[in-house]
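Single chain ahead, written as structure tokens, the form predicted on its own.
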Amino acid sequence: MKKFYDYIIVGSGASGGALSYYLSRTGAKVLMLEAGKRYSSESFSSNEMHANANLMWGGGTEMNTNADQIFLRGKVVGGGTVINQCLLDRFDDVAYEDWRTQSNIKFHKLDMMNRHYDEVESHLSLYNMQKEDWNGNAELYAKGFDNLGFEWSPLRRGQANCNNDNDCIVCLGGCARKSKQSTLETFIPMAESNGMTLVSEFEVAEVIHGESFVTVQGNCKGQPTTYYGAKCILASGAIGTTKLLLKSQLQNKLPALGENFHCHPQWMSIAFFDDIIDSHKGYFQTLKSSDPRFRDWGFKLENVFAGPIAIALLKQGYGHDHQQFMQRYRNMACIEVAVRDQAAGKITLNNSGKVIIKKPLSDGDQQRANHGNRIVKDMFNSLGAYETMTSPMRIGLHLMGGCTIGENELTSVVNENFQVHGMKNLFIADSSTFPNAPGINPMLTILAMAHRASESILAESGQRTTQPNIATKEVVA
């Protein structure tokens, strides 16, 4: 007997999680497939090494072809929303105008996207970080901005009754309090209450588009398994979705497949102080740069930190010098520069089916990074730091593109209805459709785009698309 569904969703992160709810609440038979395992708040490991190994593709060690940039992406039920900080900002007119110029998609406008933001926010608990949430790193961050005359603002995070016990840093390996508003704690349980079926540890090998249905083949815990759906929606992120279409041998039909890959390259600068900072304690990320000059210059600054394993990887060398570096862990402060990159990369597969990521750093991107890092060093100098180190390791976060949305079938992969060109039953609704890097944390916009995509998909199926909103749960500082 064939395992047939109205909708098959591949991926369970921001896009897949939201889609599962909006499609299942119509009464449709929905299946979600996720390559990673399902964890609960009780089963997340507080051990940094175990969390990296268990929750990320490649254990968090995927790199570009030049081996000078590392990419982090979730492999777990909830996807990237489990391992990120759940920072939820709407895109601005600058981002959407750039998108619209490149894509010629009419809904790439803030005033057209606001209703989608309103809808997804109505299902989330939103919190504006307040001064009492600052740790030592945030105190220095704010003072450094003030010293140099730059503007900063509190971050808005998806969290509910966090009751931080000075260990927020372990949240990067999964929230143990059911507080962080990952899809694991929000949209997926709501979808399951609507009857959605979730199959974890299922790695999709191929999608076969047919005139009447889509065939999805893969392995579930090592066992070959096939499912069938009237519609299939890919939501595995920029690398995952692009990889799946390439493995499905669709590159000849989709000439833009794998092109236009972007991210927000990030550099961490660590400063050393005589006083104890304890940047690893409390809410370690509470502030952001809001100075319009930074937006014009193409970068932003955030107060961040990481566990000892991640911090150790930022320092080149070994032996006594590296040991001395780590012995000063409690005296470290950190500010990160995130660049709105301009140089597009490309995703391909080698002969064995492994992902190859060509992601250059243009001279302009390097200049933006250098500018931001100089400002960070000036900030730390104004605060009395006796040493500042900018790590040469570049971290690629917020992975976007590879299956760009647009009107032109030669330069894009999906149309304005999130439908793959020439394939009426196959859709893509994740960050792989982004035309370029927005320079703003993308999670909230991925959720909002998923809501819009669900409306298009349901309309294509002749189903009702709207439901009344509930009140947004937001705490305003």
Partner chain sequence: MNTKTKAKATKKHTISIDQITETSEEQIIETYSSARKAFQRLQKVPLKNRLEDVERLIDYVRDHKEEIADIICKETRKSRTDAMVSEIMGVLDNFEWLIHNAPKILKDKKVSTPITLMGKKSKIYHEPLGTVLIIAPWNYPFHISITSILAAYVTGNTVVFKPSEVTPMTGLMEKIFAVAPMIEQSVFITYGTGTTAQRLIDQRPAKIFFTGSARTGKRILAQAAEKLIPVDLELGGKDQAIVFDDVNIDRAVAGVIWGALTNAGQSCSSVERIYVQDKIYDQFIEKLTVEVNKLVLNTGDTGNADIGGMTVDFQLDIARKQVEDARVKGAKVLTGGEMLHENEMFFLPTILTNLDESMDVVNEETFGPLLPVFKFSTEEEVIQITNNTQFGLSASVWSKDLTRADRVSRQLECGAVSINNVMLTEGNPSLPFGGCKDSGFGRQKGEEGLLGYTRSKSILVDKDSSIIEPNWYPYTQKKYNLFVDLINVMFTRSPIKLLKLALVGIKLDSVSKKQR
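Positions refer to the first chain, counted from 1. For clarity, every value in this text was computed on a predicted model and none was experimentally measured.
There is also a form predicted in complex with its partner chain; it is not shown, and the following applies to it.
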Of Q85, S248, N135, N260, the only residue with a heavy atom within 4.5 Å of its partner chain in the model of the complex is S248
The one option of T226, N147, N161, Q367 with any heavy atom within 4.5 Å of its partner chain in the model of the complex is T226
Does D274 reach its partner chain in the model of the complex if we count a contact as any heavy atom within 4.5 Å? no
Consider F213 of the chain shown here, and say whether it contacts its partner chain in the model of the complex, taking contact as heavy atoms within 4.5 Å. yes
Considering only heavy atoms, tell me if S362 and its partner chain come within 4.5 Å of each other in the model of the complex. no
Within 4.5 Å, heavy atoms only: does E206 come near its partner chain in the model of the complex? yes
Which among 275-283, 346-354, 105-113, 215-223 is in contact with its partner chain in the model of the complex, heavy atoms within 4.5 angstroms? 215-223
